[in-house]
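Alright, two takes on the same chain below, each alone as structure tokens: structure 1 and structure 2.
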Structure 1
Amino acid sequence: MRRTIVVLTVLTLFTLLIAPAALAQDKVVIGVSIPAATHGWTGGINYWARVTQERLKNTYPNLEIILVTAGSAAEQANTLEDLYAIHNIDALVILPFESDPLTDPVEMLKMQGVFITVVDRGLTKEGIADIYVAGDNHAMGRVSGEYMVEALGGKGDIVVLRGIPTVIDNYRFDSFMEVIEGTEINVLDWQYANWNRDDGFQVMQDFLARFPKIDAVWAQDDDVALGVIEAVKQAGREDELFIVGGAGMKEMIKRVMDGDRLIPVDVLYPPAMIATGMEVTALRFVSNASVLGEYILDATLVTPENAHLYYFPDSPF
């Protein structure tokens, strides 16, 4: 009798342990690995990843989405190992912290047969990513430059506040300068504002003290633009110039929507690109649509006419 109970208990436990695993076999598991929310834009990435996770789970019951964040490139590499070893993922959507250190860890997963989607920052080796989704940094500079030329009638004095010295910043700045080259637009000076509000405020204060006439400001980033606005207000020079930021922060989109004279437009580099990566990856498993390839998102010029399409009041960014 006692033996029967023991055997039965063991069998029951065994079945309980096995059953979910057997069920999980039918599910497609997608791992999503993104940087932790350390500033506004990555905050947006986190928001959109969570929103898309919910949507995909509710729409496709056979999909399981596992979302992990990492505080550094090394930590991200570790989470990739866990995703494969513990969750046995079929696909990986990754926004790499840095391209170089993550290329090998992602390739390891690829060799195990995992479907790979890379978002924003490309890997340094060709042929690993099945899907690549990214914003267009060159276009961001170009679109900003083209608007500048148009709005100023090809003539005027501007100042430029750049980001953190990185390749991304160089792409944007060089493309911007290419567009305004040959016009009569004169860049009085540029300084790094590190994609930071306080730096934007201080650099702009100094530009305002130094130059009696500024027709426009290219702040390249919405956080910097917010600092610039305060400096301009303090100097009481709101009527003399306008500011072009970038990224698509909700506060700035709102200003464009409301027809703020200081912020006539914004240029997108949307954190919602992580949603694109996740949705397209999901399609690979739930439909017969052809999805392999590269997706380069437009650096859309947000104007008062189309701003309502890009205004997401619930997003933290």
Structure 2
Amino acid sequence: MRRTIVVLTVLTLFTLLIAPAALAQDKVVIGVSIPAATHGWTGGINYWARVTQERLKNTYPNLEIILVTAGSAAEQANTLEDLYAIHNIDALVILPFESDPLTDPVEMLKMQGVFITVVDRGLTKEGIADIYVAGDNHAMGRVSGEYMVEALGGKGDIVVLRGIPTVIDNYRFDSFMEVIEGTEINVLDWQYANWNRDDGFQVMQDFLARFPKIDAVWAQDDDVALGVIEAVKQAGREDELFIVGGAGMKEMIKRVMDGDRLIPVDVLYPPAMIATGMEVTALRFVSNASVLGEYILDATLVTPENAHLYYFPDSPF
């Protein structure tokens, strides 16, 4: 995984070197479609998308970056129609609200000759995306599972709060379950919490009411984990369990750094991946570099020993 990051750094430097050549090219329109900032992680996505939009426009005057957000899968599908019909986009960078409902709309653009970059939540059909950028979802589940097995000594009762029904959620969940298979760790129940703090609170309240003994919680997402923390504290059960979230929210990293026993670790899944998707897509049009393929970022286990390396207090997420 570290090799991928090095390659991206080299490519970014290369774009700066060849930037003057882009001035002579025809105007290129890149559409960027992302979910609205409904929770912390997508708030980070929105932040990095806007920062990158401005940087690319300043670096390559022939690039026009059209950034749109959507509050639902249906709304996002409609924005794709507008991006093509009104703005005549040459390329699309999309973080799908959900995988299945967006697959056919994105495929339609692909059939019209639009260059496709998919970020994070993969489509349900292969062969549509020219570029795929994501955190390592398999590793996110695996790393969380490995920590859970070690911390519990291979036995105990846990509950799992998943995200929303998407390809990446399946990757995380399946990898986690593969790791704990064969141990004496018992999953009491799992429920979708929609990567949302309020839903995490409600789902965890239900788990706490139904299960008098819970040794650990895999929340999968830091926004969900915040809701779980609140539910656990309201129930007065914070001394009996620990919570493993994920994404690298600064509040959670600070808890790890401070040695909070309720949040002993976190697993990275950086929202800045949207910037990677946008920059590599731009590179497709301003250079002769080969950019097709997958760019998978690390899922690092954040511990009290290394948390200071991932704590950015000025970040929006």
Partner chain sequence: MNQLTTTRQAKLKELRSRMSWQDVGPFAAVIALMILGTTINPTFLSAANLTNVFTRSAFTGIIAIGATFIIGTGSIDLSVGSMAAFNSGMMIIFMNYLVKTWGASWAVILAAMGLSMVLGAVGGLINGFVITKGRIESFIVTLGTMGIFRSLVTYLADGGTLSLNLSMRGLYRPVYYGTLWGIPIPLIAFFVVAVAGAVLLYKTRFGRYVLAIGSNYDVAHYSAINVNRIRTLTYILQGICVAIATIIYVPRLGSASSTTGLGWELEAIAAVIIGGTAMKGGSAKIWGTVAGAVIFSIIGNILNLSDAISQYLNGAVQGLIIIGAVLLQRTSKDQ
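For numbering, take structure 1's sequence and count from 1. Computed from a predicted model, the values in this text were never measured in an experiment.
The form predicted on its own appears here as structure 2; structure 1 is the other form of the chain. Splitting the chain into two rigid parts for the change between structure 1 and structure 2, with each C-alpha assigned to the part whose superposition fits it better, puts G259 and E240 in the same part.
The two rigid parts differ in orientation between structure 1 and structure 2, with the smaller turned by 27° against the larger.
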